[in-house]
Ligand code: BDR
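Next comes just one chain, in structure tokens: the form predicted alone.
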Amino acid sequence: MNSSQVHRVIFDTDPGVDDAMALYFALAHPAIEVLGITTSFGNVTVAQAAQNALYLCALAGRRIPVTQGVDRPWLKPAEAPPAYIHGADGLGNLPDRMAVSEQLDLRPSAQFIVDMARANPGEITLVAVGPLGNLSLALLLEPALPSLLKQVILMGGTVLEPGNVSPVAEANIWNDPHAADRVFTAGWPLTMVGLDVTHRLVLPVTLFQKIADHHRHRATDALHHAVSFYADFYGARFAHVAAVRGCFGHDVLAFIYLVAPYLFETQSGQVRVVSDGLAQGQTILKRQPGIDYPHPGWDASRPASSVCMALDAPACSALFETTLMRSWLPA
């Protein structure tokens, strides 16, 4: 594949089971080059997130720089990690872990983002699937960052679909709403892949069993174990997910959008985040651009984002399967 056809990516993440799914999709896909992994609090503590990123890379035989980032929200009180969703270790309570020799890159995640963007102007896509504190801090370190990154694709938010931490809020945005609003209003090319589409992709545990049986590798065995734990949570909340014993394909859809945007329907408009109160974390899309609202938060100078509103779920599932079934793991 021509190098110009490869997406060079920094992956900002809080692994997390669905983060692990997304990472392994990115490592397996021939059109994605993961330049570095920056970690945040969210599904687990930031220290656990960083160790999980190192571990997942080691399992897959990849040496990729991993940094540790923000450990709490900008202003709101921190929430306890949801161990009942991802397990206390973030990976479904793995029964054992092999020893890992790789160490963290000592730069804070925000500094790593800035350094890489300055060294590779216009070349890097930032794929963010956790709370957005690292990206928000990077904006403070380098105000020109929106012109240095190629684009930002984030998994988070919702427009019409009910939220998963409140009736209107999605967890990543709710975890750090002030940081999220700064990211949405920064002025870079930004695509939001939120619950409006991620709740339309259900991946069955049998698919991960198939992938694990095909590879017979510690990486895919660990992924199958983690997804089995994750699916039990979703099965207890959603009857249609329980019927197939599966889980939503949240984070991986950010990477699927990166390589196959034609599988999605999007709407463009300004997006703002409610920072306080009962609607904290709500992502509001200005869906009628021709209206001049009197509220100053919607003035015409604010940048628009692209928001995924529908997708071809069978095609996304097929792409996920064919990518993970490729020969991408060391013997």
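We number the residues from 1 along the sequence you see. Model, not experiment: these values are computed from the prediction.
Omitted here: the form predicted together with beta-D-ribofuranose. The next part is about that form.
Scanning 197, 226, 138, 129 against beta-D-ribofuranose in the predicted bound form with a 4.5 Å heavy atom cut-off leaves one residue, 129. Put simply, of 125, 164, 111, 185 only one has a heavy atom within 4.5 Å of beta-D-ribofuranose in the predicted bound form, and it is 164. Using a 4.5 Å heavy atom cutoff, none of 76, 176 and 272 lies near beta-D-ribofuranose in the predicted bound form. Stretch-level contact analysis of 145-153, 211-219, 250-258, 88-96 against beta-D-ribofuranose in the predicted bound form, using heavy atoms and a 4.5 Å limit, identifies 250-258. Contact annotation for residue 172: at least one heavy atom lies within 4.5 Å of beta-D-ribofuranose in the predicted bound form. Using a 4.5 angstroms threshold between heavy atoms, residue 39 stays clear of beta-D-ribofuranose in the predicted bound form. Shown alone here, residue 43 lies within 4.5 Å of beta-D-ribofuranose in the predicted bound form, counting heavy atoms only. In the predicted bound form, not one residue of 293-315 has a heavy atom within 4.5 Å of beta-D-ribofuranose.
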